[in-house]
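Next up: just one chain, as structure tokens, the form predicted on its own.
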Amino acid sequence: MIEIKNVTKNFDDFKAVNNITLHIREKETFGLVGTNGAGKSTLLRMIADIYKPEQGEIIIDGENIYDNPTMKSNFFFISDEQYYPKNANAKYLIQFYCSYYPGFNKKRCLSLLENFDLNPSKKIDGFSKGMKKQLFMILGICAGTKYLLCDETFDGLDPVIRQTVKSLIANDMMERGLTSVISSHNLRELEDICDCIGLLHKGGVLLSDELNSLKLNLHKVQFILKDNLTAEESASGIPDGVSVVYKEHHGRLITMTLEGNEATIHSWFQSMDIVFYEMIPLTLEEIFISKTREVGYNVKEIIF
């Protein structure tokens, strides 16, 4: 388990991470999403012990991660811009990681490189951005570590490769109990693979929950008004335990994002004097927009 307790990280007068507390369970995929500059990459670098927090602590399997070489061999960190020695190729990196990670599977790594059509003898500088992402994902998965930390995992990968990478992660979760923490702006890709989501904004945590629970508690409803009624007249008397996160008008068609119990919301709309209503499943992207809108992060306000 990864326990992040009241962690803060500053860069001069900028507070990149502000008193964050998160708990990441074993054998699951945890998705880190957030607004630009929310602190996702900084948090991953603190988990990887690249940055030291000003306050708080990060505990992995009961041990503090800071300045703990033994614990570092339990995770593999893939940054958005991965470092490698100049003129290095995949063969060199395989040998390097074999010396550091006792469980590195060299045979599997070479096989995957062949399957991904990546030449292990070619200089990495000659790879495209997507090819570099593929290479380090393969190295990370083959390292045999308990934890895999990924920053912008799917950036630069085509749809076929993205699906293959997700399958590799899912396979290692099932086969050896891999725990992965994935930061990405590609919410559609995270939705397919993540068990839990942590949403960051301005260095803090807006929410952290199982993805299925988030979808069960947030609902999008579209309904059509009768000609002689306003939205306020039709949708009056909001039940206890239900709150309106967002509402949008398009003539007689009203779209609302609501937080609360699904059965209570159904009963409320069934009692309304309206033509028709339907509940539409929310995507992770819509959950992201709804939650960040609550704290004033709205594209209309940014532009206008």
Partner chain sequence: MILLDYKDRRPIYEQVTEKFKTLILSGVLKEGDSMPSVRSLATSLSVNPNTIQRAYAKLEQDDFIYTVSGKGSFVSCIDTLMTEQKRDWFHRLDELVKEGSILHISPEEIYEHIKQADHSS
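Numbering follows the first chain given and starts at 1. Only the largest set of C-alpha atoms that superpose within 1.5 Å between the two forms is called the rigid core. Owing to the predicted nature of the structure, the values given are computational and were not obtained by experimental measurement.
The form predicted in complex with the partner chain is left out here; the points below concern that form.
Interface membership of residue 195, defined by any non-hydrogen atom within 4.5 Å of the partner chain in the model of the complex, is confirmed. For residue 191, a non-hydrogen atom is located within 4.5 Å of the partner chain in the model of the complex, even though that partner is not displayed. At a distance threshold of 4.5 angstroms between non-hydrogen atoms, residue 210 is in contact with the partner chain in the model of the complex. Remark: residue 282 counts among the residues lining the partner chain in the model of the complex, judged by a heavy atom distance of 4.5 Å or less. Comment: 164-172 is the region of 97-105, 83-91, 164-172, 121-129 lying near the partner chain in the model of the complex, near meaning a non-hydrogen atom within 4.5 Å. Of the listed positions (215, 146, 202, 72), a single one reaches within 4.5 angstroms of the partner chain by any non-hydrogen atom in the model of the complex, namely 215. Proximity to the partner chain in the model of the complex, defined as a heavy atom within 4.5 Å, holds among 252, 266, 247, 27 only for 27. After superposing the rigid core, the C-alpha of residue 255 moves by 2 Å or more between the shown form and the other one. Residue 66: CA moves less than 2 Å between the shown form and the other one after rigid-core fitting.
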